[in-house]
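Before any questions on binding or motion, here is one chain by itself as structure tokens, the form predicted alone.
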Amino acid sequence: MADARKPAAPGFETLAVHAGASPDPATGARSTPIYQTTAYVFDDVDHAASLFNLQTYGYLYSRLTNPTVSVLEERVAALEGGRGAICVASGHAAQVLAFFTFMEPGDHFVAANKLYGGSITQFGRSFKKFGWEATLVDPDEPENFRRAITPRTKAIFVESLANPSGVVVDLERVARIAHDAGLLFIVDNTMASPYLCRPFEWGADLIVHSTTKFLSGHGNAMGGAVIDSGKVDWAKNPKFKSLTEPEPAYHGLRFYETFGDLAFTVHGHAVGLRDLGATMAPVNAFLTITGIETLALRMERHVANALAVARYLERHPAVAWVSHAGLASSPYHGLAKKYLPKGTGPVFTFGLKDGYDAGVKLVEGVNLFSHLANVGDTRSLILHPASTTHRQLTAEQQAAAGAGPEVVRLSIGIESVADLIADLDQALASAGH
């Protein structure tokens, strides 16, 4: 008798290699081809009309959809356990598109104040040009989010593992606060990657990524993604009219009524990419697809190396503190065990006793580490946020974001860890320590 048991769901590593992809039907090519084309030939006038009316799935113009990008979208959605995804040109573009779908002028959202400095600037300055207001609160006390909610609030936004400070947010508690108020809970999972953290399992509604970082993994491809859980009942809440009311540009089509749990994803392509135009290049999608295939292997090495370096720095006489949730001394150690059971990520910060000048000397004294404004590379990277990524913030904002004058950020790569420690050791010594 045949075994009627339901086959087990594919493992993470299997999905990272296979999800969304199959041999090319035209040539049999096993790797996903780079479809470097702007447009696609229609079968006839009726076929063209059905595509433009969203009545038929297919490709009509690469600003909206592209076969290479589609594979990446399916893969990222599968790894996060989501229903669908929209891939875009950068992580910042992903944030714009995510909010663009449901925000109107005068609307408000609450965000953690421990974020990537560019996000703080985007939320506090550029978003205001759309009429969107943001209130930043300390995520260490989740009730701060509840206290900041207003009648115009539509969402709460956090980073699962904050850049650059390595703060771990209590996702489950914040999700409960968001949902009690009828708000969306949006999580930037860039620093953790879906290998280390699964925000949908803790109540997130949307996940955003800068795919430029760990998903791509090699510092060679820009990109971003918005992943939809598919679990939001958009019709239940009048705050989200763009997905429930008739869309004039598509002859009165109602996205949630027509596409159900794919409403957000379809809207992101049909309206968001159509009008914002923040399209991911097919070659960047190809490079990111390739990078994701080794995500699990890379993250294991990243995590092990980072913890070893953090332990070395914690003992160094020139170092005042180390913010790495994998250390028993970290106030986030307990949360990390809950939300990041496979490790707390390779990006973390530490503070030098001699402050700003010592930070500058250190980043200029390393040899193996690369001094640049990126994270998530196979190569180890170093940055002094106060003089680079967070320099546009006030001193108070820098301190709140965990990027004060003494702070140095590391993104630990996959090199031999002894070489990384030796490079930091000589650089600290040459800086006078």
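Keep in mind that this is a model prediction, so the values were computed, not measured. A residue's number is simply how far along the shown sequence it sits, counting from 1.
This protein has a second form, the form predicted in complex with a small molecule, left out of what is shown; the following refers to that one.
Student: With heavy atoms only and a cut-off of 4.5 Å, decide whether Cys197 touches the small molecule in the model of the complex.
Tutor: Outside the cut-off, so no.
Student: Just checking whether Gly217 would be counted as a contact of the small molecule in the model of the complex - the rule being heavy atoms within 4.5 angstroms.
Tutor: Contact check for Gly217: no, nothing within 4.5 Å of the small molecule in the model of the complex.
Student: In the model of the complex, is there a heavy atom of the small molecule that lies within 4.5 Å of any heavy atom of His269, even though the partner is absent here?
Tutor: No, His269 sits far enough from the small molecule in the model of the complex that none of its heavy atoms falls within 4.5 Å.
Student: Consider Ser210 of the chain shown here, and say whether it contacts the small molecule in the model of the complex, taking contact as heavy atoms within 4.5 Å.
Tutor: Although the small molecule is absent here, Ser210 would touch it in the model of the complex, with heavy atoms inside 4.5 Å.
Student: Heavy atom within 4.5 Å of the small molecule in the model of the complex: which of Ser119, Thr279, Asn144, Asn284?
Tutor: By the 4.5 Å criterion, the partner-contacting residue is Ser119.
Student: Here the chain is shown alone; which of Lys239, Arg298, Arg83, His92 has a heavy atom within 4.5 Å of the small molecule in the model of the complex?
Tutor: Partner contact (heavy atom, 4.5 Å) among the options: His92.
Student: Considering the small molecule in the model of the complex, find the one stretch among 333-341, 315-323, 288-296, 183-191 with heavy atoms no farther than 4.5 Å from it.
Tutor: Among the listed stretches, the partner-contacting one is 183-191.
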